[in-house]
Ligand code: MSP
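Taking the form predicted alone, here's one chain by itself in structure tokens.
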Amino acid sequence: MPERFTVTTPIYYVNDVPHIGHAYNEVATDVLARWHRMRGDDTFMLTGTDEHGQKIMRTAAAHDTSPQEWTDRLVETAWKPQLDLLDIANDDFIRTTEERHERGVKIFLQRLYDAGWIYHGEFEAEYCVGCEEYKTASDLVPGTGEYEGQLVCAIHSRPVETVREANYFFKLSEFQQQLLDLYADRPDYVQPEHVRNEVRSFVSQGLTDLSISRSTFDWGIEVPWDEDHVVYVWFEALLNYVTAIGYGVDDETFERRWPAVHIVGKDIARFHAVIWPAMQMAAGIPVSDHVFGHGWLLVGGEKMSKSKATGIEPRQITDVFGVDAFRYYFMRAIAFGSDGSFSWEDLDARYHSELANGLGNLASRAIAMVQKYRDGVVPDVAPVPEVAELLEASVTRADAAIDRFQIHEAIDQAMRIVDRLNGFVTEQAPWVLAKDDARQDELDAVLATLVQGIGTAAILLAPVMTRSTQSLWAAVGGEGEVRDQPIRSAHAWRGTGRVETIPPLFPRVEAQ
């Protein structure tokens, strides 16, 4: 029976076009899903868009269109095309304006209401339209420039609004101890550690009940027992993870796919690791497997943001360096879970040193030598033991790193193979061995070792670089699709025994 692995991105707020901060999350989630598929796990990747709320309603009005027309346009012209651009192999895409989501939300909400977890009350709070979130005093900072003298949202640097409403509330406060017990009993539930500590500290300070409806606008899903209210956008959006897999409608699919792993930015980890598990507990469904809050992409020391003019669209990078280099760079250069600074200079340097000169040059040299010295036939001998041991160890370590969500460490293991093989060529000097009839067995072992190592690296890198690894795989004699190879035994792959010439995998990019 294969292991279940359901993994989700957050659903992205479609108020504008996506930037590489969104792409970073999509690629990371996709790499995890692809890796698990290559393990043979029953894998399901979900992504989608969050399309309700006051901010979208206001933005649509500013563009002289309806919220539905605005979100339709952005989803079809920007958000879905980005998935295609980046080779994201998601199994489903859910929009919160879909009927299946609305139906599931109403079922979930009604069950919580019937169980006594929801009540009607009045409140006053500070609200950030940009975040679609109620703010506490600790979330606000002194404004600067035109907002000097005012308190502003720490994320959007804009003033908040005082909201006074009679709304429906979720009894979040009653789940404080259950949440603390969850964090204690399952210390790997929230990762990485610094995010877990922040979440646990927040809950330890006490929780207040959560307003889960709004009555001052109508762009949202109606509360099933009160049509004058729509569901608060965050409360409703979190439910996409279960409405997409049949909650309340298709029990068989739901039981097969749930619980899930959530890959989110650290700024929304609190929603996923506090509000969301409390909602699951209230509904009586299993709590998610993990919540991993990765770091931010920084440009000029600030979090990437359209509102601060630091957003970079993925195509600006892929048009120059290609999709595989985009995926490789962001997964390799940034420790997954930490903040990372993007720079064109670092991307250019890694592309040429690690991909063009490292992996690409190794493949070209090895294939050329097999063709020159053995007419393209890979010697049928065992790899050199020292390198064979390295291959097996790297495969094991890379696979273990994925279980810790450390994608960069898994890539490090693949590139460790590449580095060792490049050094191996220099040490063994096959061009010297080829001139000595008495050393042909040594030459055979060197060539076989190079091909075996390159094929192993291609398999390990397949979840990251989806296109170049297939070309590389075919060139060293791999059969079928590299993405179909069992990744846990990548070191033991067997091929056709012949190599084929390939054009440069990573052509040089001239300085722009």
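The first residue of the shown sequence is 1; numbering continues from there. These numbers come from a predicted model, not from an experiment.
Form predicted together with the ligand: not shown, discussed below.
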> Can the ligand, laid in as it sits in the predicted bound form by superposing nearby C-alphas, fit this form, that is, is the pocket open, or is it blocked with 3 or more ligand atoms within 2.4 Å of backbone or C-beta atoms?
Replying inline: open
> the ligand isn't shown here, but in the predicted bound form, which of 237 to 245, 433 to 441, 347 to 355, 398 to 406 has heavy atoms within 4.5 Å of it?
Replying inline: 237 to 245
> Quick one: of G295, G104, P192, G322, which gets a non-hydrogen atom within 4.5 angstroms of the ligand in the predicted bound form?
Replying inline: G295
> Pick from I268, V425, V75, V163: which has a non-hydrogen atom within 4.5 Å of the ligand in the predicted bound form?
Replying inline: I268
> Has each of Y12, D50 and H272 got a heavy atom lying within 4.5 angstroms of the ligand in the predicted bound form?
Replying inline: yes
> With the partner left out of view, is W493 within 4.5 angstroms of the ligand in the predicted bound form by any non-hydrogen atom?
Replying inline: no
>> So in the predicted bound form, is the ligand close enough to V418 to count as touching (4.5 Å, heavy atoms)?
In response: no
> If you check in the predicted bound form, is A282 within 4.5 Å of the ligand, heavy atoms only?
Replying inline: no
> So in the predicted bound form, does any heavy atom of V264 sit within 4.5 Å of the ligand?
Replying inline: yes
>> For the stretch 1 to 31, I need every residue with any heavy atom inside 4.5 Å of the ligand in the predicted bound form, listed N to C.
In response: P10, I11, Y12, Y13, H19, G21, H22, Y24, N25
